[in-house]
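Take a look at this single chain in structure tokens; it is the form predicted on its own.
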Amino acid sequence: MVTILFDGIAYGMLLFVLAAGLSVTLGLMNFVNLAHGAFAMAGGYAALVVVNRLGVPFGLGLVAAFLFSAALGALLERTLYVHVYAKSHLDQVLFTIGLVFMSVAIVDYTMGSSQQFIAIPPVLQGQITVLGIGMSKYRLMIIVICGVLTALLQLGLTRTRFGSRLRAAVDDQRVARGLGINVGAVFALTFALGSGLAGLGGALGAEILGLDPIFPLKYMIYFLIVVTVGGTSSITGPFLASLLLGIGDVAGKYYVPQLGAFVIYTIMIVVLIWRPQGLFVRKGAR
């Protein structure tokens, strides 16, 4: 039971880091970015190339994944996404789903269609025993890294001047500009941060989830479920939703394997019947 809980927490933490950028762009920026998984895939393949082919240490590979996805996000935000912010949600969905299919084709052509994994250093392989309980070293590392990132992200969005500027820019761009806030720069930096987190999640999750060209399509529904169940008020909602869904999914596959992945959808339905707007919703949200 404790092992299942541990694996579920690790999976939930990974889900949160993968979906955190989407929760920011959708919840705070009010932009529907279905191509979020493509940035996660980009970070995963960036780490795979530098670690497996160039021999770079795994830790630096994670840094490379974050930086590559963040830079890619910043470039696409300034050249493409900036023109779609004022469009309807339907236009945003069509635009970003088109980017997903383009990314799938590009990766399939350049990296091949087979599933690939990042080489994990020996120090992160195997298990350690804590209080008589065997725990995967790699999953324990995921919990630690994702926990630190969650705390930093929450503090950054709620306790810093940048977080205040972001909320002001989302609530009323004209007033924010009148106060001297560079709305374009705030949105670009926020989008780059969300993309970088997605890339880091893609690199961390490669060992568990694997990497292949259909990664953005395969896990898109999971990202959307996290944001839908968690609500759009802050990072807290998606974080709690990720833990709930991660533990529920792992426990469901262990205790009722015949239901498969349907457990996670059952949790979503129950939560949304109880709270249709998600666990948390921002007051005055449009």
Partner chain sequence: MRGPDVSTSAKLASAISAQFTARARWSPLEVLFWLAALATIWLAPDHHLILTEIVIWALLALSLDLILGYAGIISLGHAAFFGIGAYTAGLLAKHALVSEPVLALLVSGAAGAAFGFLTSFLVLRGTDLTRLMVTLGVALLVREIANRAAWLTGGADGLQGIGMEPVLGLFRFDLYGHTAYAYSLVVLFVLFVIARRIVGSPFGLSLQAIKGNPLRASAVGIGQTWRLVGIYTLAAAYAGVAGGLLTQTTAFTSLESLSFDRSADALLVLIIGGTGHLYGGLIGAVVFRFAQDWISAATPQYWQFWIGLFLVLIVLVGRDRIGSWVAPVRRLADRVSDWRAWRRPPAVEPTAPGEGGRP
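Here, rigid core means the biggest group of C-alpha atoms that superpose within 1.5 Å across both forms. Just so we're clear, the structure is a prediction, and the values are computed from it rather than from any experiment. Residue numbers count along the first chain shown, from 1.
Beyond the structure shown, there is the form predicted in complex with the partner chain, which is absent from this document and is the topic of what follows.
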Which of 57 to 65, 219 to 227, 43 to 51, 243 to 251 lies within 4.5 Å of the partner chain in the model of the complex, heavy atoms considered? The stretch 219 to 227
Please check if I128 has a heavy atom lying within 4.5 Å of any heavy atom of the partner chain in the model of the complex.
no
Are any of the heavy atoms in D171 no more than 4.5 Å from a heavy atom of the partner chain in the model of the complex?
no
Is there a heavy atom of S114 no more than 4.5 Å from a heavy atom of the partner chain in the model of the complex?
no
Give a yes/no on whether T236 approaches the partner chain to within 4.5 Å in the model of the complex, heavy atoms considered.
no
Contact with the partner chain in the model of the complex, heavy atom within 4.5 Å, among L94, I133, I145, A71 goes to L94
Select from 166 to 184 the residues with a non-hydrogen atom within 4.5 Å of the partner chain in the model of the complex and write them out in sequence order.
none
Threshold 2 Å Cα movement between the shown form and the other one at M268, rigid core reference:
yes
